[in-house]
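First come two forms of one protein chain, each written alone as structure tokens, so that there is a structure 1 and a structure 2.
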Structure 1
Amino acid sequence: MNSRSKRLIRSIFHIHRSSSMFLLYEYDIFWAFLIISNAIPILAFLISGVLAPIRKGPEKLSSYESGIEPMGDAWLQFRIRYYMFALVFVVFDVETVFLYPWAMSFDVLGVPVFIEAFIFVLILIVGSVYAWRKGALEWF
């Protein structure tokens, strides 16, 4: 290849000798996606705010209970155990998300990654035993 064809290939594929050069045009699709994904919900809220009818009255201020006349105060205090139970569920759900890719590529990764995953599961078991002893897993 002569130098002219090399320059042509570099200009077509944007290959530069300096690999540390940060090229913004490679991220155009990312910026377009980011702008569009932020613009759609903002526009939806703005359009619904402009087009929605505004009617104030006692029925709007009452709590909705499936068409049944509300009884008592709508603001009830929930026990903290429900939130703790949900938090423990989320932790183990995220554990599954982390362990699934590891399990799919177990044969490629080898023993060191098995040891890391074992330590990860061991930490989660210690955390679940701690939550169990504190009573966070009891429903009533």
Structure 2
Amino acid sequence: MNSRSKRLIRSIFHIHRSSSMFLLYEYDIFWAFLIISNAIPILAFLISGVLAPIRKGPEKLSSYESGIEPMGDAWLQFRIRYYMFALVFVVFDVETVFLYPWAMSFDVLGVPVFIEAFIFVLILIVGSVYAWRKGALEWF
């Protein structure tokens, strides 16, 4: 009785054997998450755009500066410090990407590989201490 009802349900709803939603089926949850996380802000903006009353005024068109009167220009001079931070970030990002596969295969490999990765990180810590002492990490 159970298998017959199941077959009936399958024939009614056209459920196939592999019930995947999108093209790359192992990324199903990822695509679903991506679609939902894109739909929610769009929905929020649409609803507030429809429901909110629009009244223009001179105060509303000025820029926001935490409640005080806006002072100065909106366009700041781009300082070289920002570029230095991005550069240091690139180097340490590449180091992190190299640490990921080592971390994934950590339990299969033994202690010697641990020491080698330790040397890897140590050399880059030397680099980071150098960057620190030379003032590349100063924000002001």
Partner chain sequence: MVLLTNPIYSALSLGLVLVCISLFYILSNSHFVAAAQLFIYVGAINVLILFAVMFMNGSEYYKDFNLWTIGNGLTSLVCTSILVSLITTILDTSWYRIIWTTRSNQIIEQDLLSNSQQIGIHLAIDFFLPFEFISIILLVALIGAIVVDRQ
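Reference numbering: structure 1, starting with residue 1. Source: prediction; values computed, not measured. Heads up, when I say rigid core I mean the largest set of C-alphas that superpose within 1.5 Å between the two forms.
Of the two forms shown, structure 2 is the one predicted in complex with the partner chain, while structure 1 is not. On core superposition, residue 31 has its C-alpha offset by 31.3 angstrom between structure 1 and structure 2.
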